[in-house]
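So this first bit is one chain, no partners, the form predicted on its own, shown in structure tokens.
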């Protein structure tokens, strides 16, 4: 996705509201997940969202999403937001995020997703890391903090 940072996206400092960027991330990730699954998906978790740079009024925001791994009824999607300077076309990373989506059937119940075809070493590394994150997330869910 590509967004132009407009005045309604910015705060008093002229930088984009974090919530606006988060909405763009959620949309891009949902599109990637739905394209892979061929089904409606809903956001189940945001495992990581790190702001590393600012987007300013007039910048171009380039939002890229990729499916890292598939599970029984869910997928993990990685999203990167880059700032692109309209004058120089230089790009820098502003945000990295990891989200998990659950695929739904016609009755809005979780349903199976197609497996992800891992084509190269990079794909295998992303998938392995996603499986480790899922295990940690599920462990936290079964052993809540006291």
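Positions refer to the first chain, counted from 1. For clarity, every value in this text was computed on a predicted model and none was experimentally measured.
There is another form of this protein, the form predicted together with a small molecule, and it is not shown here; the text below is about that form.
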| property | result |
| --- | --- |
| Residue among 118, 31, 60, 42 with a heavy atom within 4.5 Å of the small molecule in the predicted complex | 42 |
| In the predicted complex, residue 125 touching the small molecule (heavy atom, 4.5 Å) | no |
| Interface membership of residue 23, the small molecule in the predicted complex, 4.5 Å heavy atom rule | no |
| The small molecule contact in the predicted complex: residue 104, any heavy atom under 4.5 Å | yes |
| Partner proximity in the predicted complex: residue 9 to the small molecule, non-hydrogen atom cutoff 4.5 Å | no |
